[in-house]
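Given next, in structure tokens, is a single chain: the form predicted on its own.
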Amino acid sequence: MLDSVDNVLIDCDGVIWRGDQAIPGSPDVINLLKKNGKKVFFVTNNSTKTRKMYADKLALMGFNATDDDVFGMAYCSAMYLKKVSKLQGKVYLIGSNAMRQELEKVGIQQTGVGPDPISGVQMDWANVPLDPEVKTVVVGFDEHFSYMKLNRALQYLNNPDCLLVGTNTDTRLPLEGGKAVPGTGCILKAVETAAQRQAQTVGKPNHFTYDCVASQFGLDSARCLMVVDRLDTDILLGSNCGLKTLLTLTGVSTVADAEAHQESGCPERVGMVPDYYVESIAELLPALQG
């Protein structure tokens, strides 16, 4: 399998780390992949960090990585708004300070980062002040998400010309010790429900996530491997883009989940079945050590 690929696209949460703990053996795998001539890219639906913040975290854990190797949703969303949406105007951002930084790097102004406390009564909420330059509502992970932010997004989206873009639909974020916290998908679903419309999502399984990497590095999809922990987003993206796929069982999805998709007979569900699976990414070590 490894001989058949030149490029490895690796998810982060649940694959090479959980929270702030590296999965045992994962730094060795990544560094040996690079030593053996593979290009390695870190492709994550997480939008809470800039590329530099991810590179710093990777380095701290012992991974050989640079900013250019990282494709997180703060960066990819900025690229999407710039290149696909061709946004003219501001963004109302339900998201992190990292997303604000990545948007500003490509010249996109935003409003909305930080707490938005509630005051007044319902009629005040319905008439909340809006920035007339806002043309798109962008929803990523936001630790300050609140009723007022949900309301403000709704008021912007009452304008049918205002776009709704979400970073990703992941509903849970795996942590060390088998714990998990709600993911961006929960926040995005709330905004979609209030606005009564569906968002255009940037992250996996959207083809744009792969295109963002491939266009910059000239990747051949037939020579790419995706190493991930989720079937419904990651494996589906790999299938849609013609990549080889490897599921690790250290994150969200299980072999039983994959078997259920395989036996369903539903073409979309079959697209969520990986080509290979391992208990942990560390199982690649013997092959890499040669």
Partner chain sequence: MAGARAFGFKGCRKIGGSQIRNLLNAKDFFLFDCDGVIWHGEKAIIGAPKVVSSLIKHGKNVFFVTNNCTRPRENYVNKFYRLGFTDVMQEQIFSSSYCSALYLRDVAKVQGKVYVIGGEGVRNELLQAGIPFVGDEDAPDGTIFNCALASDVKAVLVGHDDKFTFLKLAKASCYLRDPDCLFLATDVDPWHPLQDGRILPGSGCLTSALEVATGRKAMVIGKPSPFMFECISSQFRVDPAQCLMVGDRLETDMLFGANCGLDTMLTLTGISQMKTAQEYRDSDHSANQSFVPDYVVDTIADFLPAFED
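Note that the structure is a prediction, hence the values are computed from the model and not measured. Residue numbers count along the first chain shown, from 1.
Only in words, not in the display: the form predicted together with its partner chain, which the text now covers.
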- Task: Although its partner chain is absent from this view, report whether Lys189 comes within 4.5 Å of it in the model of the complex, heavy atoms only.
- Result: yes
- Item | Partner contact for Thr111 in the model of the complex: its partner chain, 4.5 angstroms, heavy atom | no
- Task: Mark Ala126 yes when one of its heavy atoms lies within 4.5 Å of a heavy atom of its partner chain in the model of the complex, and no otherwise.
- Result: yes
- Message: Can you work out whether Gly72 and its partner chain are in contact in the model of the complex, taking contact to mean some heavy atom pair no more than 4.5 Å apart?
- Response: no
- Message: Quick one: Glu143, Tyr147 and Asn158 and its partner chain in the model of the complex, is every residue within 4.5 Å by at least one heavy atom?
- Response: yes
- Here the chain appears without its partner; judged in the model of the complex, the stretch of 81 to 89, 201 to 209, 176 to 184, 159 to 167 with heavy atoms within 4.5 Å of its partner chain is 176 to 184
- Judged by heavy atom distances of 4.5 Å or less, which residues of 194 to 217 approach its partner chain in the model of the complex? Ala194, Gln196
